[in-house]
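Here you get one chain, nothing else, as structure tokens; it is the form predicted alone.
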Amino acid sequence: MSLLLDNQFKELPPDKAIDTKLFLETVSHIPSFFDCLGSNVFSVIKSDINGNIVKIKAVYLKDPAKYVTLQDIVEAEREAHPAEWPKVGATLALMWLKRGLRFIQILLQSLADGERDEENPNLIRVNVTKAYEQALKKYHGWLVQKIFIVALHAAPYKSNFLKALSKGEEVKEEDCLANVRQFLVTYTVTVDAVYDMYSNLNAELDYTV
């Protein structure tokens, strides 16, 4: 079975409200995705995503009945910390988490769409580079960008990456990419919904780290 399909995101209701408990349960499996990229350089993103999940979960567990949806948390923090918000608590953690999730989304979508370096078709550097430039680069200062340039060059062969996504099984490339496309359906809707929520609440910040 595919690593991705083992932990698919659930379909959202018509109002696109994201159930906090379900979201945290599903997203807790996302850090292992970066193990498939092989290099320890990607552990920077993995660690960041993991840390942000922990922060959001800590807030949620304080009052699960109050924080049924992610929007409940963000709006409660806006009310409790009007001066610091949105650079506070779970709101800030979710802001960075969604960027890491977008990185994965763009990388997988690029692979599913067949984008590749024709001279080196078994490299995924072009896909990882696209994901980084669109999802994360603008929020990173010079030093962090340097770290990621190293990471891009450490990206694995596509065949090895897809095998890792298939949990080490020998799966045809097209079958693996079909699993990727299936995973992306609800995953993309969820990530888009988080971005839309931040846009609607005017909670987005553009500072760099």
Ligand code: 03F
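Note that the coordinates shown come from a computational prediction; the quantities given were computed from them, not determined experimentally. In case it trips you up, residue 1 is the first one in the sequence shown, and so on.
If you look for the form predicted together with this ligand, you will not find it shown, but the lines that follow are about it.
In the model of the complex, none of the heavy atoms of residue 106 sits within 4.5 Å of a heavy atom of this ligand. Put simply, residue 49 is close to this ligand in the model of the complex: some heavy atom of it is within 4.5 Å. The shortest heavy atom separation between residue 167 and this ligand in the model of the complex exceeds 4.5 Å. Shown alone here, residue 126 lies farther than 4.5 Å from this ligand in the model of the complex, counting heavy atoms only. Against this ligand in the model of the complex, the set 54, 86 and 203 makes no contact: no member has a heavy atom within 4.5 Å. This chain is displayed alone, yet in the model of the complex one of 184, 176, 30, 36 has a heavy atom within 4.5 Å of this ligand; that residue is 30. Note on the partner interface in the model of the complex: the residue among 45, 59, 162, 180 having a heavy atom within 4.5 angstroms of this ligand is 45. Within 4.5 angstroms of this ligand in the model of the complex, the stretch 175 to 209 places a non-hydrogen atom from each of 207, 209, taken in sequence order.
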